[in-house]
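Next up: just one chain, as structure tokens, the form predicted on its own.
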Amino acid sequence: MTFKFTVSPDFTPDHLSGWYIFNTWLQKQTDSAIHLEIYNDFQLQREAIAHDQIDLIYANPFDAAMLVREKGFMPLVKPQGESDEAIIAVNADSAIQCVTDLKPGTRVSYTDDPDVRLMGMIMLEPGDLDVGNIQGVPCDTYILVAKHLLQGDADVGIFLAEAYDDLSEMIKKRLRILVRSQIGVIHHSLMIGPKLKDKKELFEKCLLKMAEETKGGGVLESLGFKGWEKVDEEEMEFMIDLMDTLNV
């Protein structure tokens, strides 16, 4: 039987090849036939999940509740020392110095990355902004969020902090950070579905030892990770409850 693995569409493009390398490594380590399917957007990925076509997923925290509570997924691991944070940035020449300078009608560029957009909108609340009084400027990538700021097509941009930090120095010199979140407990997680539940311990063991192996270490490096650390059900439930609270 071939199992299907997918990755949250918000991963950094530089790491696309890394996920294919990781999938090959994981197949060898677990003696499992696993096919990596990459979806271009969250909607397509959620449709596959809804139709029970996914067995293993590197999941966005926004989707964790649905995966656990509706589809019976269980958490395995998360990237060591990593968390999802958001950044609100403007053009370096902008007159905007802080979030409270913003007014209703502000043009906000963002991607369809749900947890980052959610955190970003909460960070804009001190400017009395919400989804009802901004002008949204949807983008496919964080590069395009930056482009809209540089070209004057948006007033502020919402970035995944990792994606902002990965922008070229030339681009970052022309941007300015207004605020960076420091939540620390929201993170992507590798999660395993019901069809693979009998292999949960095997997968977990292989992943937690991955950094200690020569080949495993190289694969992690291609993903931009130092290693994996275990996510237990209590930690996952805490994050799900927090996301629910933030989403009210």
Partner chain sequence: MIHDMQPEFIKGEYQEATLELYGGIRRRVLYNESEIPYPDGKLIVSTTDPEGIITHVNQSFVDMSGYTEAELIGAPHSILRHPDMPSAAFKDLWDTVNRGDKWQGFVKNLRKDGAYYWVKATVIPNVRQGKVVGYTSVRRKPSRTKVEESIKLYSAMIQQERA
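Quick caveat, the model's predicted, so the values are computed rather than measured. Positions refer to the first chain, counted from 1.
If you look for the form predicted together with its partner chain, you will not find it shown, but the lines that follow are about it.
For the options 44, 202, 179, 211, the residue carrying a heavy atom within 4.5 angstroms of its partner chain in the model of the complex is 179.
Remark: residue 122 counts among the residues lining its partner chain in the model of the complex, judged by a heavy atom distance of 4.5 Å or less.
Not displayed here, its partner chain is approached by residue 69 to within 4.5 Å at the level of heavy atoms in the model of the complex.
When its partner chain is considered in the model of the complex, residue 183 lines it closely, a heavy atom lying within 4.5 Å. At the 4.5 Å threshold, heavy atoms of residue 232 stay clear of its partner chain in the model of the complex, well away from it.
Judged by heavy atoms within 4.5 Å of its partner chain in the model of the complex, the contact stretch among the candidates 6 to 14, 222 to 230, 236 to 244, 19 to 27 is 236 to 244. In the model of the complex, the residues of 124 to 160 lying within 4.5 Å of its partner chain by at least one heavy atom are, in order, 125, 126, 128.
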